[in-house]
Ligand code: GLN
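Below, in structure tokens: the form predicted on its own, a single chain.
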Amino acid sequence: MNTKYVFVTGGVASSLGKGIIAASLAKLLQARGLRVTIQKFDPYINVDPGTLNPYEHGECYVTDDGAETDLDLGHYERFLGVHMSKANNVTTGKIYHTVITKEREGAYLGKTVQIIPHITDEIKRRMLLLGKTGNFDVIITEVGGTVGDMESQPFLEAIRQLQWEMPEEDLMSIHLTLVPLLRAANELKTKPTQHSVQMLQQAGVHPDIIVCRTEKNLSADIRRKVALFCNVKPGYVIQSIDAPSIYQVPFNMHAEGLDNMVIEHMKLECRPEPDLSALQAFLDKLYHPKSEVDVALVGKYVELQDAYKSILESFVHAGAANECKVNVHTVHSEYLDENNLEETLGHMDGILVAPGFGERGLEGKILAVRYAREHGVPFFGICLGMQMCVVEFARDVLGYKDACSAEVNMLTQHPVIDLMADQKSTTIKGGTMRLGAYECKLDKNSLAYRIYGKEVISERHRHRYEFNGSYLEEFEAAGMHASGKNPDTGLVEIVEIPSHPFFIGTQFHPELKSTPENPQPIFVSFIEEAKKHRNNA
């Protein structure tokens, strides 16, 4: 069977959920026994989101092979339970970088390099690249941004050309759009959808299916109207109504017949019905919790939910595993001080100090660490959060009052967190951190080993700074244990305080591997301990 290609575009507004629709369709096809993957094409000129502020683009997701990618790849992995790679996220920056490099090397034999055909040819090459491996029956490609954006036009032109070049049954176009509810008239309006599809068609791309994001059920009349004016088959206009959980969306899309439409159009041979039993079991626990906990997420990008998307999703997964509703209270570390510390954290059942970069908000994170350590509150620090618990311990237990990370204070006498040796000669910022999956060997007499149940684990990283090993003996003697280390370099990956009920910090990002069907072990244990803390309070 030839590899089939599905393209998902969006219109009217951003953040309608193209990634969730793409992931839901992929989940449905996978659950029917097909081999599926998803890729994201982003129109921005950055080569990757690694140098973007989280306020600009949300969380930077990291894959096993060290790619810094769009956060939608996190959704893809969480829905499918398979690992994405560098090939699954392509930006305009990567496209232009490739074409310009080839031009400098003389690859175009003196020709004038233009958007058409050179840029669009490179886009098409990337769009079809994964299909050439023979590992997939269906490849779903999400195009970022919205129809009408100037930067999206080369991507739409590439899809137009592929629609012309490929057999009809090998390619489908799905367009996600908005049908807003005009509350003054209590009426759903289809005109934005009509205009969006018209713009898509002006670019030469003809959608096979229109998915309408809506707050209210679409009537048969509205569906027929959209189908008529947007030139799609009757019945190929479906709704994506607001759901209580993103993991409900595959079930909603199956009820709307999305997977059946794709299978019929592409003549795919697969099971007659998807097996979603494991996802349904997860939702049953999620929707019917037997307890609840309050957890503080202490960070400096809390105004934007997408900045900590994987952490928030990991709490959802761990909560369901514990049959517990996790109420996440975001705490802006920049505004946390001695005066509001007790009021803010005193009623929490667990404290997680989030990752990040730079000096802003660090002292608030250190205060949160100290509060958790001194009050016996379950604590979990990730990346910078782990580094700040090292700094706090050095200051308040070892007595090094000026202890700090060299990232923010290069003149400190006690750089307990220091720049990694292989980073000291690096001047280029993009894609040069310690990235991707690395092994970690656990001490068998540790909390980390009890959590994972095995001696060697593999987790994903994104950092330049590390625990300064010259201080390790002092920390160990004072009660902070390095329970996980890289087996090749000796880099400290995990610290914990054995005398504390639950205190663990990880240099890696465990949230990047959590899925509904396989929740991340540290998050599961953290919520379990938060439940105990609540019951004992």
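Quantities reported herein were computed from a predicted structural model and do not represent experimental measurements. Numbers for residues come from their place in the sequence shown, where the first is 1.
Just so it is clear, the following notes concern the form predicted together with the ligand, a form of the same protein that is not shown.
- In the model of the complex, the ligand sits within 4.5 Å of a heavy atom belonging to Gly356.
- At the 4.5 Å threshold, heavy atoms of His509 reach the ligand in the model of the complex.
- When the ligand is considered in the model of the complex, His175 lies well away from it, no heavy atom lying within 4.5 Å.
- Within 4.5 Å of any heavy atom of the ligand in the model of the complex lies no heavy atom of His83.
- Contact annotation: the ligand lies within 4.5 Å of heavy atoms from the stretch 376 to 384 in the model of the complex, the single such stretch among 283 to 291, 212 to 220, 376 to 384, 436 to 444.
- The contact with the ligand in the model of the complex, taken as any heavy atom within 4.5 Å, belongs to Arg462 out of Arg462, His75, His118, His317.
- This chain is drawn without the ligand; in the model of the complex, the residue among Asp149, Asp396, Glu407, Asp208 with a heavy atom within 4.5 Å of it is Glu407.
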